[in-house]
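Here you get one chain, nothing else, as structure tokens; it is the form predicted alone.
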């Protein structure tokens, strides 16, 4: 028994050591990525490039949060964009109506999102597959309709007018474009790092078990409903962060931020980049924004081009780009070991 217990202790220690190494490695990669992004203004004066990175930050947070539901938990949400719009509107209204410091408004927006997501999620996660997808879409359309109809508060179809106040805090002035760029990069890196830790935690592997076989997970004693609700709220918080970045970027909020097409873009981004690799949604975000920016310069029929791209990935590669690359490298490695 002593030898057996010692063996178990050694195995457990090695697993914990591997997890700690991976956690420190992820932190190191995050620091390097932020340093590279933050130094970009030193090497280029292109405002368009900085704007592109800010947009990638907003949509990247949103798309990666959606992948916590789709790729890791098997919950395909057609209404995840409601939290992107909710973050933009809540943050903008708090700054306009209350004039709070930006960090306080940021935390307050996350708190509002968490409460609303918990209420909506408590209803939706009880449903399965297509029912879950369409009920989330129904809630998104409800929020979008509320934004349009409550014009005295939200500005209706004109959106929040008058801009979003950006008082300086801790020496950071988000009215300055470079400061806004660096803050957006910081939120992107911190958000991705947090989601990476969630995905690689025991909770993340519980989500994978639920995705693969919810009945077996329940049989093993896992509270499936609670786990789904938890990841639903967490995903909503990160999507709300993306909405706040976008609200700061455009200095406002518009009904399109909460429309169903935003959720469709999130699904499309995950299809482009892939859902089985963590950085797949970020790759998909860059691809989609590049396609939009490039195609719209040459033709007004950009929808047709995007449709062709969807068909290529759905029928040709049958997976996202990063999924395809990862699988190709895996095959090459296996072939090399076989020799």
Partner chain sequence: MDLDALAGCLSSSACLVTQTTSGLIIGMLLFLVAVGLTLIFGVLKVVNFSHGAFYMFGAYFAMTAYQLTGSFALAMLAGAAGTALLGLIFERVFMSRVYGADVLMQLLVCYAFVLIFDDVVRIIWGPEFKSMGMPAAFQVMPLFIAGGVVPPYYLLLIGVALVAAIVLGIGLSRSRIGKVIRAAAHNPGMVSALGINTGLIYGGVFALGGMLAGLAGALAAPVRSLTPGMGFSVLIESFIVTVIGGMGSILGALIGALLLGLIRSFGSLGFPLFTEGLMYLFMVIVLVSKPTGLFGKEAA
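Being a predicted model, the structure only gives us computed values, none of them experimental. Positions refer to the first chain, counted from 1.
Unshown form predicted together with its partner chain; subsequent notes refer to it.
Every member of the trio 123, 261 and 307 reaches its partner chain in the predicted bound form with some non-hydrogen atom inside 4.5 Å. With the partner omitted here, the stretch from 133-141, 192-200, 220-228, 245-253 that lies within 4.5 Å of its partner chain by heavy atoms in the predicted bound form is 133-141.
Shown without its partner, this chain lists 311, 28, 35, 42 as candidates; in the predicted bound form, only 311 has a non-hydrogen atom within 4.5 angstroms of its partner chain. Though its partner chain is absent from this view, in the predicted bound form it lies within 4.5 Å of a heavy atom of just one residue from 100, 175, 127, 108, which is 127.
Within this chain, residue 210 is remote from the site of its partner chain in the predicted bound form, having no heavy atom within 4.5 Å. Proximity of residue 298 to its partner chain in the predicted bound form falls outside the 4.5 Å heavy atom cutoff.
Though the partner is left out of this view, residue 315 does reach within 4.5 Å of its partner chain in the predicted bound form, counting heavy atoms only. Heavy atoms of residue 302 reach within 4.5 Å of its partner chain in the predicted bound form, making it an interface residue. Interface residues of 41-66, taken as those with a heavy atom within 4.5 Å of its partner chain in the predicted bound form (partner not displayed), are absent.
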